[in-house]
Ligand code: SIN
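In structure tokens, one chain follows: the form predicted alone.
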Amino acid sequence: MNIDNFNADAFLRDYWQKKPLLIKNPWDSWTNPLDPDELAGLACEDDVESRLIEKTDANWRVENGPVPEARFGELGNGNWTLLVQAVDHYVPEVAALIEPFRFIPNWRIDDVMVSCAADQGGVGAHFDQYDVFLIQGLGKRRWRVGGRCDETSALLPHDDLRLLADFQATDEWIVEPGDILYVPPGIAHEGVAVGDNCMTYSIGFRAPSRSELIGDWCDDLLAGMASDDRYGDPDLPLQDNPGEIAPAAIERLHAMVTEALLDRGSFARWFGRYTSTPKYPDMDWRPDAPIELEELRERCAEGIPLSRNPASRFSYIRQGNEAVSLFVDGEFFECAAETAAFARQLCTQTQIALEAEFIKSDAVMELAATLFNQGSIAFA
């Protein structure tokens, strides 16, 4: 499925993180990839993150999944919305919706949340702290967008929802199947179903906060530090006043902290692992039995392509002209020569048939077997 006549360069220049954009059904052909009953079935699963949101008068009610199957029979035609997170992990046709948006780097892509709503269903006026493409899959939805919000914006009192207390719309559209609405971070918006079986696919992007980065980076540093790496002052001079913390002491203490934080190579390796860690790291995608290297080589030689697990995250960092550091599902691999070429191809394509030079390379096959056995790739 491709987006027809979409200029990614112009979009990044004029709209990305700047202002909303409605794109009217730009697909070469649009087919809704998931029906409402299938989405409801996913919401019943224990290991799938889901929420059911209902509005009665001015009151909002949130139920966290798994949703009992009988619950759907009780909803009727009321104002309700079912939200299921990371549907791309489980449904390849939904995962395929991400591909046209790969002009955004892999590490920024989060997942595809899917909603299904009855007539007038929605989740209220709110703002997100990340970019989102909202693809209308089935039915119609009225979208209204407003101004820019931040942490000082007034919210309604609610334990589970961050709803704006004062939402003033500046634009309004009725979207139909195949239409895409892009909303930048911080922009107020509200979507309301127009008719039943209103399905929307939300492709969200990751935007780590400064505090998250500092906290996780420091935790990683602390885990690798020796307990006897301590302050020392063998050249301590006699002070006039013992109550003073001398400038030389401050300088030495500050250097102890900043030297570790300023190691760019260590930061890059940490960030690659951090940003490639799966959204649900406790889920086990490993095959029932590990594959042996020669079996993998034989099947690849037969032309059977390898596919990335939609739940896996792949990124790399260049190391000089040829080598790369590959990060997959929180794991780190140093790659050079043909292994680096293989790593770059893995990060570019969701499915690849290995070239002969890759199949002949023991280093490539060993890396592929490792990724296969950790559940990051599999045969298509």
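Heads up: residue numbers just count along the shown sequence, starting at 1. A quick note: this is a predicted structure, and the numbers were derived from the prediction, not measured.
The same protein also exists as the form predicted in complex with the ligand; that form is not shown, yet it is the one meant from here on.
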### Task
Would you point out which of 226-234, 243-251, 111-119, 71-79 contains residues with a non-hydrogen atom within 4.5 Å of the ligand in the predicted bound form?
111-119
### Message
So the ligand isn't shown here. In the predicted bound form, which residue out of S276, T200, N309, Q85 has a non-hydrogen atom within 4.5 Å of it?
### Response
T200
### Query
So which of L134, V145, A95, C149 reaches within 4.5 angstroms of the ligand in the predicted bound form, heavy atom to heavy atom?
L134
#### Entry: Contact test, all of R313, R344 and C347, partner the ligand in the predicted bound form, heavy atom 4.5 Å
no
### Query
Just to confirm, D128 within 4.5 Å of the ligand in the predicted bound form by heavy atoms?
yes
### Query
Any chance L296 has a heavy atom within 4.5 Å of the ligand in the predicted bound form?
no
### Query
Is V123 one of the residues lying within 4.5 Å of the ligand in the predicted bound form, judged by heavy atom distances?
yes
### Query
Is H89 one of the residues lying within 4.5 Å of the ligand in the predicted bound form, judged by heavy atom distances?
no
### Residues within 4.5 Å of the ligand in the predicted bound form, restricted to 179-197 and counted by heavy atom
H189
